[in-house]
Structure formats: structure tokens, C-alpha cells
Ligand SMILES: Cc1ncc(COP(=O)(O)O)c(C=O)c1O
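First, one chain by itself in C-alpha cells, the form predicted alone.
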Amino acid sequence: MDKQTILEKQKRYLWPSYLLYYTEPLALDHGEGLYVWDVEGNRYLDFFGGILTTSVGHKHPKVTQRAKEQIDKIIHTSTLYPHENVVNLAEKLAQIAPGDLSTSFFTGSGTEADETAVMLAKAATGYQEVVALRHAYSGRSSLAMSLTGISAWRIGGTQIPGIKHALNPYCYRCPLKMTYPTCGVACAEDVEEVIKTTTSGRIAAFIAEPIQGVGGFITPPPEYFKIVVEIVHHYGGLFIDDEVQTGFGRTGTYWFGIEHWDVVPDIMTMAKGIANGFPLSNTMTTPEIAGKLTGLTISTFGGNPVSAAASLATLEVLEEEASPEHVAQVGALLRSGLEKLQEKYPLIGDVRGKGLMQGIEVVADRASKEPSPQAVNELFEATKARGLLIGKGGMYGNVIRIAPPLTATEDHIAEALDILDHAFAEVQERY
């Protein structure tokens, strides 16, 4: 099918609310490694990985082979029946998870994982109120949108009661107009203020992403989570660590992003990169906390044996080809290159992130920090024309999100940086 036919059918048969990148959306046909091809045969270096999901690259032979083998046996079981792929995956995740997080509940998406985590926290603590962060993103259900701290993603106005939002650690645009480190990480103390002034004083949970994904790769200072987790525990709550985007070595050095902050969550959610594109998510916790969930609960598509097979293969590939140490190494090259671009181009106001999760905040003026979503749109077209796919996000739509498959090499990083350099040079001339 040609591109025009695909786009016409997209417009006619799919909701207009679908968010599509680019002035002329890309109709992708196939991929291999870090590259994808559209239906017209154009090749692109994929530095967004299906929203941080294609963790070991497109069509990785080990992952696809394991999935094919499982398809030939049985495709679907539901959580009503134990399956060797599922229990083996749970065992593997227990081996790499921090602390005593050793028991899993599998579902089909990041939204479901966060929903499950909140349900568990309420059951385990007996409390109902939850604190989330501004600029956070938790998914597309009513509860997940209520947890989300960006108005554009809170569709329909549906709000679940009992959810409060604290200040987020957005150092580049500090909501308190302070400067790190002299601020004393005052944003962390705001969590206590929110609990004391807007809740009953006892909460079920605090939920946060180690690095806010849709929010624009906002990265907290080193002290942040230790301060917050102590506060949360003091007021009876559990810490839900949302690793949907940061998990599986994405941030480098460690398997999970929260480990950079040297705290152990009570509950941890994950999805996206867990199975290299196969639908799967997981909510992990300790045996003690899991044991406090009583009643009946199932997941029809949770722990799908094909997805679990793909996940086990993905984890093997990560260990063999794209370990957290590898991600830290190539991530440092990416970060260094982006900081050099920041020195060259005034459009770049901030560079932040960890590992292969790097954000570029684009501004019209560095002094005022005025966001420039238009420049980001122009950069998208310029990088697309040169064969590079990137992501974007942030409250103001002015943050470029760079997150390639974790199998990226030094050559891939160099190619992407070269394209970004030329794209910024083109766009900067108009500003």
C-alpha cells in the first residue's frame, strides 16, 4: 500500500485524536537494528525507539525467534494458568530488581501497571490518598490521567478523587524560583507540605518517575528521592517507582533508574522496553506487600506467553549486547556531544537526562527561557529530512527527547549528533 492510501485510510477510519509526528506523517514499513524504512523506501536512524520501547533494536533475531517458537506452541493463556515463560521471567526480574522487590503481577501496558500499583498501595496501607508530581505522566485511563500532571494529557476532565500534585524537581524552570544546590532541594520538602495541607495526613502512596518522560526528561537532583521517600514513609505511604520509561538499563550503570538516587521503592512498575515492543507490563513489590492484596483480580492479557518469551530474550540481549555499563558509556558520548551543540546553538537552553535518555530544552531566548515549540517542530522536519527520528515532549512542547535502542553504538551516536548539528544550524539561522 502506498503512503497516500495509508494516510487517507488513517484519516477516514481512525480517530482524529491520534497524535502523529511530522507535517506529513511517516508510514513505516520495516526495521532492522537501529534503522527503519518507510513505505517509500527512505531509511531513518531511529533515536526514539517507539517511545523508548524498542530497547534492543528492530527485528532482533533472538527476540523474534523466541516469539515465533512460542507462537507455534500457544499464544494466549491469561493469568488463570501458570506458564513457564511467565514464571521464568518473574524469577529473572527478581534477580535484577533492587532490594527485596521479588514478586510480580503482569499486565499489558504501563497504564495498567500504574493502576495495579495504586490499587495495591491502597489495599496494603488502608489509606486512599495518593501524591503525584506536576509534569508527570502515568497513562491514559481515568486514574492514570488523574495522576498525570500535564493538562493537555488530562482528557475529558474526569478526575479520580484523592490525588494531589506536589512540585516537581524541574531545576531548569524551578517553580520556587530558586537555584540548586543553594535551594536545599526545597521542592522535595513540598511533598510534606502537600500531605499536611491537602490530604487527611495519611496517604497510600507517592508515585513518581525517576526521570519524567513525557514531562520532558526532567531529572531530579541527587538528594531528591531520599528526602521524599522519608517523608512519604513518615505519613504512612508507599513509594511507587514508575520505571515505564527508565527501566532496563535505559539510564545507564544500573538496571533501573531509581538506583541512581540510592533508594529502594516499595512498588515498582515497568513496561515499554521490557519486551522490545511486545505488549507487556509488570508491577513488582515485596512478598510482604503483595500478601496484603486480598480479593479477586486477574489480567486477561497479562503475562502473555509470547510477550514473556520476547521479554526473556530481550533481557538476554541486554545482558550480552547492551548492558547498563554499555549504556552508560555510549550515553556519556551522547551527552558530551549534546553539550557541545549547546555551546554552538543559543536555541539549546538545557541538556539533561542520564544514559540513553537525554533531553534538549529548546528556547527562543536563554535569558528569559521562553519556550520555542515552533523551533522544535522545525527541527523535527530538518532531522527527518536528513534521516533521523527523534521524540518530543514537555509541558510546552519544547523538549526534544532522544532515546535510541540500547544497542546503539559509538557510530550510531556520531551519526545522530552529526545530523542534529546540521539540523540545528539550519533552524538557528531563522532565530
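All residue numbers are counted from 1 along the displayed sequence. Keep in mind the model is a prediction, meaning the values are calculated, not measured.
Keep in mind that the form predicted together with this ligand is not shown, yet the notes after this line are about it.
- Screening 197 to 205, 78 to 86, 168 to 176, 138 to 146 for residues having heavy atoms within 4.5 Å of this ligand in the model of the complex returns a single hit, 138 to 146.
- At the 4.5 Å threshold, heavy atoms of Cys187 stay clear of this ligand in the model of the complex, well away from it.
- When this ligand is considered in the model of the complex, Gly331 lies well away from it, no heavy atom lying within 4.5 Å.
- Mapping the unseen interface onto this chain, Gly249 falls outside it, with no heavy atom inside 4.5 Å of this ligand in the model of the complex.
- This ligand in the model of the complex is not approached by Ala117, whose heavy atoms all lie more than 4.5 angstroms from it.
- With the partner omitted from this view, the residue of Gly303, Gly110, Gly359, Gly277 that lies near this ligand in the model of the complex is Gly110 [heavy atom within 4.5 Å].
- Of the residues given (Val214, Met268, Val228, Leu347), Val214 alone sits with a heavy atom within 4.5 Å of this ligand in the model of the complex.
- Residues Asp242, Val244, Gln245 of 226 to 264 are found to place at least one heavy atom within 4.5 Å of this ligand in the model of the complex.
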